[in-house]
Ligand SMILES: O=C(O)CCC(=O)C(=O)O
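As a starting point, one isolated chain is supplied in structure tokens, in the form predicted alone.
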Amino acid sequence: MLSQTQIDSFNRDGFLVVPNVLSPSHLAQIRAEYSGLLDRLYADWYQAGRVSVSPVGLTFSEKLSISYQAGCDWFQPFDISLPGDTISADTPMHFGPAVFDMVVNENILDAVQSLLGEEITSNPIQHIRIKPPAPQLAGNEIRAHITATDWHQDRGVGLEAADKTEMITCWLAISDATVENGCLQAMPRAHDKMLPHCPKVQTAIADGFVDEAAAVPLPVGAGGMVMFHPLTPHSSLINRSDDFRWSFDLRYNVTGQDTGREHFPSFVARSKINPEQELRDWRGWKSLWETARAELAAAPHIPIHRWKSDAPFCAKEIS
């Protein structure tokens, strides 16, 4: 559980850095799970002639780099969510035991419980973020999960139905997150209201609403966590290192409240009242998303963002 000092710090600043949440062995399991997935993807790309470098002897980072430069998309096959754009019956995604064990990790849930209480739902707005060094990025790269993330509030990237939802974001560092490789930065004591957002390169806070000079960088070691209030303005720095920066962002909300993306599946991660409702098997998690994918592929597209480019505060963005 969080200490009272940590709770007070979170409530005051709108964020909290918590070190050593995931154990070294759990980090190794997550890395191994994704290494196996990339091995399979890369082997297929090599066999199809989409990458020309043999996988023999290549490191995880080298395979990521070579495949990205070749235009082979490992991001969506790695992600623990469906995309916000077109969904097909075979849209790739990843749901495995090591990642599920992270989502329901007792240390994470204890920290969340300290802020939200004992009835906790795993919110479906969740992503893996593996960010290449900036020089490797394609000039037209705009995906927030690949390049630097624009200033935003997490409540702002959900739908209006969740504007009253009690929610916490937990950002997990799988590799060390440093100022050099693009750690997060946040605005302290600025989580009092929703700011207008605009469709920029990404969905981002409109110009003039963030004083970037007041931003605080939030470096954290591998296995550590940054917790955010849903109204805390934050972004990521540019990855100026020579390696990939790897993290996950997870969200949790009070059970029974709107998730902000109700067409994606959520599940009860902890419940004192109804512990039998807790999901305890990663295969059940995977099945929830597979069912959602099949249903959404056959239905009209559901937008995941509320903001319109013709709103008054966005006019200068499109002029």
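Start at 1 with the first residue shown and count on from there. Note that the structure is predicted; figures quoted are calculated from it, not measured.
What comes next is about the form predicted in complex with the named molecule, which does not appear here.
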All of 129, 144 and 169 within 4.5 Å of the named molecule in the predicted bound form, heavy atom check: yes
In the predicted bound form, the residue from 112, 205, 187, 184 that sits within 4.5 Å of the named molecule by heavy atoms: 184
Listed residue that, although the named molecule is not shown, lies within 4.5 Å of it in the predicted bound form (heavy atoms), from 251, 270, 261, 63: 251
Answer range among 101-109, 145-153, 213-221, 80-88 for contact with the named molecule, defined in the predicted bound form as heavy atoms within 4.5 Å: 145-153
Non-hydrogen atom contact residue 197 with the named molecule in the predicted bound form at 4.5 angstroms: no
Residue 247, heavy atom within 4.5 angstroms of the named molecule in the predicted bound form: yes
Close approach of residue 121 to the named molecule in the predicted bound form, 4.5 Å, heavy atom: no
Interface membership of residue 236, the named molecule in the predicted bound form, 4.5 Å heavy atom rule: yes
Neighbours of the named molecule in the predicted bound form among 206-231 [non-hydrogen atom within 4.5 angstroms]: 228
